[in-house]
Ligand SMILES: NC(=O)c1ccc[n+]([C@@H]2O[C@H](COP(=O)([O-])OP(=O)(O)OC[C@H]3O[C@@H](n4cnc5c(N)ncnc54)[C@H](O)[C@@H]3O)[C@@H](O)[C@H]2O)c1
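Shown below, as structure tokens, is a lone chain in the form predicted on its own; questions about how it binds or moves come after it.
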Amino acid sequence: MRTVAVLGAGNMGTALAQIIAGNGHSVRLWSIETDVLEEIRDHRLNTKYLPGLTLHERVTPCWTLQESLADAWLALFSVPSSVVRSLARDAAPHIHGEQPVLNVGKGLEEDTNKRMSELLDEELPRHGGIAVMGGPAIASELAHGVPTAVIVAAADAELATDIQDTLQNESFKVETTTDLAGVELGSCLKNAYAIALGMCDGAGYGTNTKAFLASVSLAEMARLSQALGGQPQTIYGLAGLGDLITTGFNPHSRNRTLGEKLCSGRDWQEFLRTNTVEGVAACRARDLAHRLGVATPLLHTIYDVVHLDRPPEETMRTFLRDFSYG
């Protein structure tokens, strides 16, 4: 039996804590939300993020990072990408040199376009290796045993396999790879492209158009991944194609919903004020693509709508009219 520190008791952190505990391991679940921790302690519930799920007795709520990380085999980061750096700084004094770190949040740092594994490596002077998780995993389904598959990437293949052994069970399958860049870029960029797929829904376009944009999305992600040292085939697996299907076609996806609101005249800015939509920040990867000389016209289209206030329907119509595979 191993001890795993899960940092972040949101929907995914709680779901993974439940999976790991169900696999026979001990989980210390940390959060800054004291009400969430108190409910877990008193009732074995997290109704704020995963209502209807009774948490395993091996999931122990922790109020301090020191308590959570002490002697843990693995530190699992499950927080929004915007706070990964600050959390890593706070956690650094408590992470020892043989303790690996797994990040499951998806995104690039807003100002630098750095991947989360790069941030963690910068902020943690001592660690036993950095790994990341990607792929199509809706937390509520995962927590209730719905068959799910993800991919874990680490430069050290043996570390990826160790994490696979800790997470995997009969309903939760874990693929492994050494392609950190491919998994992180696919997992991040699919959020931006899911906005475009949602725009199709809002504009009333059919399945033909949505499938067309999904194909373009994958091609752009593969080109950008390759330019950054990733493997294009990673994008056509769980971390790209699989994740894009889940995020771009699920009616409950926040990224897809934002796109739908953009092209249906509904108050998308109010939606942004009350929801975390990772694709908004992910659009900024168009700066990275521009710097590397990678053609990403659809990513530029999404950026123009979300960040430059270009008219959504007109901008999408222009893209669809002018796009050429030549």
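A residue's number is simply how far along the shown sequence it sits, counting from 1. All figures in this text were calculated on a predicted structure; none of them were measured in a lab.
The same protein has a further form, the form predicted together with the named molecule, not shown here; the description that follows concerns it.
J.: With the named molecule left out here, work out from 78-86, 157-165, 205-213, 192-200 which stretch has heavy atoms within 4.5 Å of it in the predicted bound form.
T.: Comparing against the named molecule in the predicted bound form, the contact stretch is 78-86.
J.: Please run the contact check for residue 70 against the named molecule in the predicted bound form: heavy atoms, 4.5 angstroms, yes or no?
T.: Looking in the predicted bound form, residue contacts with the named molecule do not include residue 70, since no heavy atom lies within 4.5 Å.
J.: With the partner left out of view, is residue 316 within 4.5 angstroms of the named molecule in the predicted bound form by any non-hydrogen atom?
T.: Heavy-atom contact with the named molecule at 4.5 Å: absent for residue 316.
J.: Going by a heavy atom distance of 4.5 Å, is residue 106 a contact of the named molecule in the predicted bound form?
T.: Residue 106: yes, in contact with the named molecule in the predicted bound form.
J.: Hey, in the predicted bound form, does residue 257 get a heavy atom within 4.5 angstroms of the named molecule?
T.: Looking in the predicted bound form, residue contacts with the named molecule do not include residue 257, since no heavy atom lies within 4.5 Å.
J.: Thinking of 153, 181 and 289 as the candidate spot, does the named molecule come within 4.5 Å of a heavy atom on all of them in the predicted bound form?
T.: No, none of the three is in contact.
J.: Though the named molecule is not shown, can you say which of 138, 227, 219, 92 has a heavy atom within 4.5 Å of it in the predicted bound form?
T.: Contact residue from the list: 138.
J.: Since exactly one of 32, 45, 272, 294 fits, which has a heavy atom within 4.5 Å of the named molecule in the predicted bound form?
T.: Going through each option in turn, the one that passes is 32.
J.: May I ask you to list the residues of 1-17 that have any heavy atom within 4.5 angstroms of the named molecule in the predicted bound form, in sequence order?
T.: Residues within 4.5 Å: 8, 9, 10, 11, 12, 13.
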